[in-house]
Each structure stands twice: as structure tokens, then as C-alpha cells.
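What follows is a single chain, given as C-alpha cells, in the form predicted alone.
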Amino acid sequence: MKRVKIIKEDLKTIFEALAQRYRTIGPKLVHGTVVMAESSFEDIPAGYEDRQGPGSYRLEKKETEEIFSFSPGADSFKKYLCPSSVTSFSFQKSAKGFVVDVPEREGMPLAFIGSRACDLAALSLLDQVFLDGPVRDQGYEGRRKSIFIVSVNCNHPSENCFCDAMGTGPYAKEGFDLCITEIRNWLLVEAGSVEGEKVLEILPHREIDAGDLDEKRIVIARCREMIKKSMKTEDLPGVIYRNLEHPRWTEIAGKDLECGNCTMVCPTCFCNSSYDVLSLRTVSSNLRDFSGVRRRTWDSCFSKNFARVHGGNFRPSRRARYRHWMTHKLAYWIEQFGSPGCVGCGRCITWCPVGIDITHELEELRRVR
């Protein structure tokens, strides 16, 4: 792995180099929130620090020269690789037959700048869902192909982060093309792929020494000390299965708003629904001729209609729906893929309007009543 050190201003060179071949997606300040959007070096909300808590998110401008002084906001890779609404295919029925057309990927490939270790872990889980199953998702595969990732090791975890307990952070181990560690007035940049090394070659840089790597380890150790939230995982999934009738599920349901915010911001939630949209201009009176599109949109297991099937609803209560979501994350996923479906990013805690905390709820399930 090639490693170099650059001055902070040369991060702009990385943006400019990638912009020649990619749409650059990075952190941007929009309506008081850090989002992932098409952006440039100047768009990075440098100097802003976030204050996150259960059901709480606030940004403050600080007197600091740090570039990545903030934690991730609500967005993740999912926003672009598995969009909230997408056309799966178009179709046309006529006297000549039935034709289905799958849209090709549009535009330039994507370069993600500023992604954190927890999101790299989430991306790996999405790959297992959409690419490693019996049927590969062509839409996801097309968008996933040829992306470039510039990850950033965390200096400032949010109050809701517990990535260290999940083994997914706070530093990136793999899955990136370039990885940046911000150290005082310079950046340590590591290549994780051949494409990443090509970008390093065009940067004005200095070679690193053992002392620089020691400083990286200090930054990571300091970040770990700042992470206050945790989750015990050694007894998963057993603790979930042993407590499927625990009274805590009813207590959670009593305050849960069933809004689905947690599933929308979760970087690994992938529930979706598909429906056909017919073009009224093409429908003949005898329905022999028509055309339309198949749309796929994000959905949520918290939605009552999501579990509605012919003959009834197999998760009719809020209690059942929250239990299913948490059991999927911390039990079913382990059985299917060998690891939890939670990466410890803490987004579900921050963006839950009533501040339901998955780490706290797991501890409550361990309490015998």
C-alpha cells in the first residue's frame, strides 16, 4: 500500500483530478445538515461540528482549521447506489408482442469523498444482498460498478456512534481507493487500489516515515476514547431469540411513531416495493396495447402495509414490526451473512423523533422481569 503526506490544500487537487472522470459526491451543508451531494472542495463544511443525541442533531461553527471536523449526517452510499425511487425497466405491449427494456446506467461513474469506515462496512453488506445472491440486481450492479471511494478516518465520532463495538470503525481497513487521516496541518493519504495509486502519483507530496504512522495510530486511539456508546455482541443472536416475548417490545411500541426514519437513514436497510405505472396515452380500450414502467421505491418494515398479503397481515402490530426490524439487524442477518446488519453508525438513534436507542433496547432485553 502506497502512503504519502500532503498539505490540506492539496485535497482540492484530488477533487479536481476525480472530477475529470467522475461525478464527485461529498459532504455538503444543506439546511443546517451535512448531506452527501454533488460537491467540490469548497463545499466541504470545514470547521463545523455536530452535536448528536437520541432524536437530536445540531451543527455549530467552531474556530478550527480541521477539514473533517464533523460526523456523517443522514446520508450514505445507499442514497446513490440504491436510490429511493428508480425505474427498473420499461415495457410495451402491442400486436407485435411484449417488449421489456432495461435502462442503461446514465452519466459518469461516481466518486465518493469523505465516506467513513462504518459506511464502507455497510456497502460490503449491501453488496452481499444485491450482488451475492442467486439473482444479481442489475440496477445496483450498474451503479456500483466503477465507483471511486475516498474514505476518511474519523477524528470526531458522534455521541451516537458505536462502530468500535461492531468492529466496523473508526478507521477504514479495506474497500477504499484512497483513505485520508487528518493530522494537524497535513493529511496522510493511503492508496487501497491501483486506481488510487494513480491519483497519488499526480499529487505534490512527501514520503512518510514511522513517526507519521505513529501519529495516525494516536489519532485513531484518541477517536476510540471519544466513543462512549457501545453494544455487547458476544451473545448475539441468542439474546434476541430468547426474548421474543419480552415485555420490552410492548414498551418500545408504546413510544414508537412508526415513521420509518430509522430504516430510511440506515445504510444497510434495503426494503423496497415495486409497482407498475401505465401511460394512459398508450392504453387501448381493449387493453391489447399499452406501455409503462416498473418503479421501485424505498419502503419500510415499519409500514403496516409492507407486511400485508392476501389473507391478512403477518406483522399487524407496532410491537411485531419493531421486533422484526431489530431481530433482522441483530439475529437474522447473522444467520444469513455471518455478521450483524448493524454497523454502529448511530443514525437510527439520531434521526428517531422520539430517540429510541437500539443499544439501550438490547440491554433492556437482557434484563429478566
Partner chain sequence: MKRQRIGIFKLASCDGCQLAVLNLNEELFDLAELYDIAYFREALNRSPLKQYDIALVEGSVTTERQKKEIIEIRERARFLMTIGACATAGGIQALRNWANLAEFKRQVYPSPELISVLPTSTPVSEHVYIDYELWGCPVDAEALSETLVSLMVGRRPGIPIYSLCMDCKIKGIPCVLVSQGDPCLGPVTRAGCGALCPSFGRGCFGCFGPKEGANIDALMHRFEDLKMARKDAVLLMDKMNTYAYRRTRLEQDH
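Numbering follows the first chain given and starts at 1. In this text the structure is predicted, and so the values were computed from the model without any measurement.
The following text describes the form predicted in complex with its partner chain, which does not appear among the structures shown.
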Have a look at 37-45, 64-72, 329-337, 23-31 and name the one stretch with heavy atoms inside 4.5 Å of its partner chain in the predicted bound form. 23-31
Has each of 259, 287 and 318 got a heavy atom lying within 4.5 angstroms of its partner chain in the predicted bound form? yes
Assert contact residue (its partner chain, in the predicted bound form, non-hydrogen atom within 4.5 Å, options 18, 352, 358, 11) equals 352
Would you mind picking the one in 238, 254, 103, 247 that has a heavy atom within 4.5 Å of its partner chain in the predicted bound form? 254
Check whether residue 80 has any heavy atom within 4.5 Å of a heavy atom of its partner chain in the predicted bound form, and answer yes or no. no
Quick check on residue 132: any heavy atom within 4.5 Å of its partner chain in the predicted bound form? no
With the cut-off set at 4.5 Å between non-hydrogen atoms, does residue 276 touch its partner chain in the predicted bound form? yes
Contact label in the predicted bound form: residue 265 to its partner chain, heavy atom within 4.5 Å: yes
For the stretch 288-314, which residues lie within 4.5 Å of its partner chain in the predicted bound form by non-hydrogen atom distance? 297, 298, 299, 300, 303, 304, 305, 308
